[in-house]
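The chain below stands alone and is given in C-alpha cells; this is the form predicted on its own.
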Amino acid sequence: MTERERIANHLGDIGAICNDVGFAFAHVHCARLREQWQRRSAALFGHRFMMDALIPGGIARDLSETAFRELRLDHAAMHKAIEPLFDVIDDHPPLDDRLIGTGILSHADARALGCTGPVGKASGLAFDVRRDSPYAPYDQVRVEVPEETEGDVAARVRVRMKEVRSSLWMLDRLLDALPDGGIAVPFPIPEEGAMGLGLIEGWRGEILCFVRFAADGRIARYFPRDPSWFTWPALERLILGNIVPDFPVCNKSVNGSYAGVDL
C-alpha cells in the first residue's frame, strides 16, 4: 500500500510540475495513469488513498488470488505506460529549458536543513529509511535509492521518475514474499506511560511519529513530524535568484504539505 501511494503521488507531482511550465501533455497522461492506479487501490483495498486500511495490529482487508493477478497486471501495464512518457519528460528541449537550472538547492543547504525524500535525494542526500534503517518488509527486499546532485527542479523530477520505476520493481517482489496466515493480531493495551517512536519512509521522505499512552489504552500525547517541516525552509532557499514565473514550478517540485502533517 505504501509503494502504491508513492507511485500515485509521484505521478501527480511529475504531471503538475510539467503543467506549471505549460507542458500539459505530461500532466494529462500522468493524471490519467494516477486515476487508473487509484481506482484499482479503491477496488482492492477499500479506498483510493488506502484510508482505514491499516488498523492497530494489522490491516483491514486481505487480498484474494484474483487480486494478486490484478495487481501483477496493474504493475506490468503501468511500467509499459510510463517508459515512453518518462522518456519524453526526460528529454524534451522546451521542458528542459524551464526545469534545468531552476530552483537549485545546494547539497550544503539540503544537509543543513535536514531535507529527505525527493528534495534531499535530488541534492545528493541519498538517505532512505527503507534502506538505511529498514523495517519489515524492507529488511527483506532490495531498496534502490536514487540520487541526483544538480539540486534543481529537473533533478527532483528525475528522482521521482526513478522512484516510480523502483517501486514498480519492488511491488512484485513484495507480492512474492507476502506471507500466509492472518492479517491482524489482537492489539495489547499499553501500560500507562508507555511510549513509542515510529519511523518510516513516506513518499515525501522521512516521517517520524511519537506517542505516549495514558490509562486504559488512551493516547496522552501524539506528535507526527513529516518531511515538510524541513522542505518548506528549503523552498525559501531554492527560489532565491529565480524569476517570478518560476516560483510555481519551484513550489510544486518541493510540494510540501500545507497541513504540515503527512498521515
Partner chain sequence: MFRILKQSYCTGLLTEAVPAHDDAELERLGIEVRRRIDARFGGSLAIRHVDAGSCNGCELEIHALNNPYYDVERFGIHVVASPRHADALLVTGPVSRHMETALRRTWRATPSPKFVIAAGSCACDGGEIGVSYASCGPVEKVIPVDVKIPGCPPTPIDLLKGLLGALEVDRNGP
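Numbering follows the first chain given and starts at 1. All values derive from a computational prediction rather than experimental measurement.
Omitted from view is the form predicted together with its partner chain, to which the following refers.
- Here is the short version: of Ile104, Val129, Leu171, Leu85, the single residue with a heavy atom within 4.5 Å of its partner chain in the model of the complex is Leu85.
- Checking Arg225, Arg32, Arg61, Arg237 against its partner chain in the model of the complex, a heavy atom within 4.5 Å turns up for just one residue: Arg32.
- Among residues of the shown chain, Met51 is one whose heavy atoms approach its partner chain to within 4.5 Å in the model of the complex.
- Interface residue remark: Asp91 is counted as part of the site for its partner chain in the model of the complex, having a heavy atom within 4.5 Å.
- Using a 4.5 Å cutoff between non-hydrogen atoms, Val211 does not count as a contact of its partner chain in the model of the complex.
- Among heavy atoms of Phe25, some come within 4.5 Å of its partner chain in the model of the complex.
- The chain is drawn here without its partner chain; in the model of the complex, the stretch among 211-219, 33-41, 192-200, 63-71 whose residues come within 4.5 Å of it by any heavy atom is 33-41.
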